[in-house]
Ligand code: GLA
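Taking the form predicted alone, here's one chain by itself in structure tokens.
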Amino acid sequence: MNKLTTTNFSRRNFIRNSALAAAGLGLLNSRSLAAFAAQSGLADLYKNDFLIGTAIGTRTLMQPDTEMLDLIAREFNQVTSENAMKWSSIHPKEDVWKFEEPDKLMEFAEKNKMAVQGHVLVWHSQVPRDIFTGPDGNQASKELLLKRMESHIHTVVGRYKGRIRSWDVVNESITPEDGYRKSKWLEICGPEFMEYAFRYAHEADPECLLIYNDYNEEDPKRRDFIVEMVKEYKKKGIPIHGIGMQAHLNLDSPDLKLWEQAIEAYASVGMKISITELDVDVLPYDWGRSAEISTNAAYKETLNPYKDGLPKEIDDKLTKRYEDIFKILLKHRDVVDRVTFWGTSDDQSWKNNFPMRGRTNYPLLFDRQHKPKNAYFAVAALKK
């Protein structure tokens, strides 16, 4: 990984901040601190375990924000685009393609020898509504919709064939209540739309790892449904290689024992595990824990208590939570393929506005000044 040489986050400040955080937490002794300071980031510390990644937003990539990009290049060895590869961004109309940002992501990743996760090919959200409409203005036929899916997947996956390591082929298409999510894809094509998506992706790049991605996958109903789906796919020869667990977690939920059981369940049917969108929400909430993108909640002051900074008590809980998460991941390093944070620093996290606009959240390993937090040092210390 590249050393950080062009930002104000200098080596001197990095070592000084490391020492301060370590002294406060008692995480690193002097010998391990010296060893840690010589490392180039989390990716290097975990290089023998699994990939360590982050999601990059449009503003960071296209401005470009060189300070943040240098930080990402040092700390991570895998990147995902937050939105640029989603259908509505890359293919907003049937005859319109927008590759500028995805191409920029590939350029950045390849320059820094980073793996790229393609996100996402088929999803019920952030997709142009007119793909579900036929030429006559009525609902598209199954044949037409599958043809559009095939064209989209072959074009996007084919463009980056051999350059993108893995793809989220289908996203968030299973719910505990309904089994297969009630979406236009399901309504028009039936549940086999997912099978077609995996086959089309495999046709476009036979060497690519293909993943089903979802949230709250520790929920027993969702977990068991996915396990049975994978078993059925394997019988049919559907090319599925891994399960993406988004891991939008909270300080108090889910029970990490249940989360670990889900990892074990997916691994038991031959799936590699990708932690695809990791963050830890530190704020109180009065809605069900969910990453359902359509969720909205009215602003309440009581649910935004840390506008002026995170209290030590909560920071300690966040640190312990991340430490416990990574202990589990290291325990299962034989099946965990990568761990990707959904963003790099707190100021850029989607959790500041979801599902209630105006919240001030602290869910990541780097603070609003892009400095490593105590949670960062706890994760690093596991590899001392």
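Everything numeric here is computed off the predicted structure, so don't read it as measured data. One rule holds for the numbers: they count along the sequence shown, beginning at 1.
Below: the form predicted in complex with ligand GLA, not depicted.
Heavy atom within 4.5 Å of ligand GLA in the predicted complex - the one residue of 74, 91, 119, 223 that qualifies: Among 74, 91, 119, 223, a heavy atom within 4.5 Å of ligand GLA in the predicted complex occurs only for 119.
Of 199, 148, 86, 104, the one that lies within 4.5 Å of ligand GLA in the predicted complex (heavy atoms): If I apply the 4.5 Å criterion carefully, the residue I get is 86.
Triple contact flag 281, 316 and 362 to ligand GLA in the predicted complex, non-hydrogen atom at 4.5 angstroms: Not a single listed residue reaches ligand GLA in the predicted complex, so no.
Touches ligand GLA in the predicted complex: residue 216 (any heavy atom, 4.5 Å): Judged by the heavy-atom cut-off of 4.5 Å, residue 216 is well away from ligand GLA in the predicted complex.
Partner contact for residue 138 in the predicted complex: ligand GLA, 4.5 angstroms, heavy atom: Outside the cut-off, so no.
4.5 angstroms heavy atom contact with ligand GLA in the predicted complex for residue 248: Yes, residue 248 sits close enough to ligand GLA in the predicted complex that at least one of its heavy atoms falls within 4.5 Å.
4.5 Å heavy atom contact, residue 78 to ligand GLA in the predicted complex: Although ligand GLA is absent here, residue 78 would stay clear of it in the predicted complex, with no heavy atoms inside 4.5 Å.
Listed range touching ligand GLA, judged in the predicted complex by heavy atoms within 4.5 Å, from 251-259, 94-102, 167-175, 229-237: Of the options, only 167-175 has residues within 4.5 Å of the partner.
Sequence-ordered list of residues in 124-156 near ligand GLA in the predicted complex, where near means a heavy atom within 4.5 Å: Heavy-atom contacts within 4.5 Å come from 126 alone.
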